[in-house]
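In structure tokens, the next block holds one chain alone, the form predicted on its own.
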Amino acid sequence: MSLGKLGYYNPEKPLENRITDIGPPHYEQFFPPVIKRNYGKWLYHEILEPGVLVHVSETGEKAYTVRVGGARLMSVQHIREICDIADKYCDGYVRWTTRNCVEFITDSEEKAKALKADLDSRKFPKGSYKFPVGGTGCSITNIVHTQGWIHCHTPATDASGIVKSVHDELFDYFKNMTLPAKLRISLACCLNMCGAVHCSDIAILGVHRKPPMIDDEVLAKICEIPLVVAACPLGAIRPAKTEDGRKTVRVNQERCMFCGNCYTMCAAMPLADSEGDGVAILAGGKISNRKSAPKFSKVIIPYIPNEPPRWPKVCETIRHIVEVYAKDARKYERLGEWAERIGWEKFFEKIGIPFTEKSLDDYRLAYDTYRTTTHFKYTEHVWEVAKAVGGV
């Protein structure tokens, strides 16, 4: 018997009994049965009430989905309770959305109603919902956010704390579909932007305002100086020596954009500062192609100081923006589309925030060179068709 058949590597036959299917399991095995039977056969879906959807297949089968808000960080106990609910109503199947909502899918309306009633009855000891149902249609769904002070090494603000505070202010808009259109909020705790702040209706961005501090005593002992210099995207770091001849680095403060890449490479260059750190507010972005092209978010408030544990100024500002938008925008008009229709100057006037040279900071990419959207203003094909039909 060969070494390969015994489970050992055989250098004479390196491909014998080689395992080639290492990797994640195929997603199809995690489908609920009703989804698997009707995969690719869905005709349409409807929102029966906030947080409850029905998908109708061409076979006549229906799949009912109950969506609940979930936290990005969950305890094992909470996840076990979610699994118990899925076992009771959904044959053990459950899914998470990209915005950290939890969706329970059933194959009958009776199960969906019983499931929703059960979810509404489950509360924490202080009375808040464990599994708030909502986040569908013209509402605010979960706020996507990054790690913040809990886990990230370069944050300028917290993530979970500030998101919890803002979501408490906007909870009615999660439970009810009373907005003109869907409204997406996100948070990134620094400008490396692990979150989706570059393309959200409203975005909270943690910002540093001071360059990194340099600990000359330990820098050369724990950091590789060439890597620290190379880590800066703007070339703001150069090698240097202290007065007593020790190797270190220096930062050109005029070039520094406070990104924290240097601290990622070297723990002797901390960036966090209680006075300089805070948040910026961006608005007007979206990913959707519906009605208009995708849009990048624009800076509308360059700085609000950190005010833990509840960030009152940030919460008040975002709630005011949402309320003005809800009152003034047309049906199905996203926040950025509303701002462009009335004009950004009018947007600032209605919101009641100052318009400065730092406002409307944007990302352009190569807009004049490349096609960045499916909405074309002009193509050669359109010109040829117009000539063919006598339009020009």
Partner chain sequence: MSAEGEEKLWETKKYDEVRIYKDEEIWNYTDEELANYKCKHDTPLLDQLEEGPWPSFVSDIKQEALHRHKLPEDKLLIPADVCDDLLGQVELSYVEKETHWKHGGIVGVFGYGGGVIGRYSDQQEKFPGVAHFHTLRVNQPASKFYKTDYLRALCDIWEYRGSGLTNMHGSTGDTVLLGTFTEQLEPVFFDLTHDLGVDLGGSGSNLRTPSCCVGKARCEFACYDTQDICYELTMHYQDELHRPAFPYKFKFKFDGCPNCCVASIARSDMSYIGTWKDDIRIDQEAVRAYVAGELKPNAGAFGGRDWGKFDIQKEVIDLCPAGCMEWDGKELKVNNKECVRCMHCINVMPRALRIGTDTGCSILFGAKAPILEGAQMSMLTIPFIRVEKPYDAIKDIVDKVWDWWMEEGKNRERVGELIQRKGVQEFVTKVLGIPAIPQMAKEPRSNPYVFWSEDEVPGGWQRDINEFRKRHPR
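Remember, predicted model here, so these are calculated numbers, not experimental data. Numbering follows the first chain given and starts at 1.
The next section is about a form of this same protein that is not shown, the form predicted together with the partner chain.
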**OP:** Spell out, yes or no, whether the shortest heavy atom distance between residue 125 and the partner chain in the model of the complex is within 4.5 Å.
**Re:** yes
Original post:
Looking at the partner-bound form in the model of the complex, is residue 46 within 4.5 Å of the partner chain by any heavy atom?
Top reply: yes
Original post:
in the model of the complex, does residue 273 have a heavy atom within 4.5 Å of the partner chain?
Top reply: yes
Original post:
Should residue 116 be classed as touching the partner chain in the model of the complex when contacts are defined as heavy atoms within 4.5 Å?
Top reply: no
Subject >> Contact segment among 312-320, 129-137, 245-253, 107-115, judged by heavy atoms lying within 4.5 Å of the partner chain in the model of the complex >> reply: 129-137
Original post:
Though the partner is not shown here, which residues of 148-179 have a heavy atom within 4.5 Å of the partner chain in the model of the complex?
Top reply: 149, 150, 151, 152, 153, 155, 158, 160, 161, 164, 165, 167, 168, 171, 174, 177, 178, 179
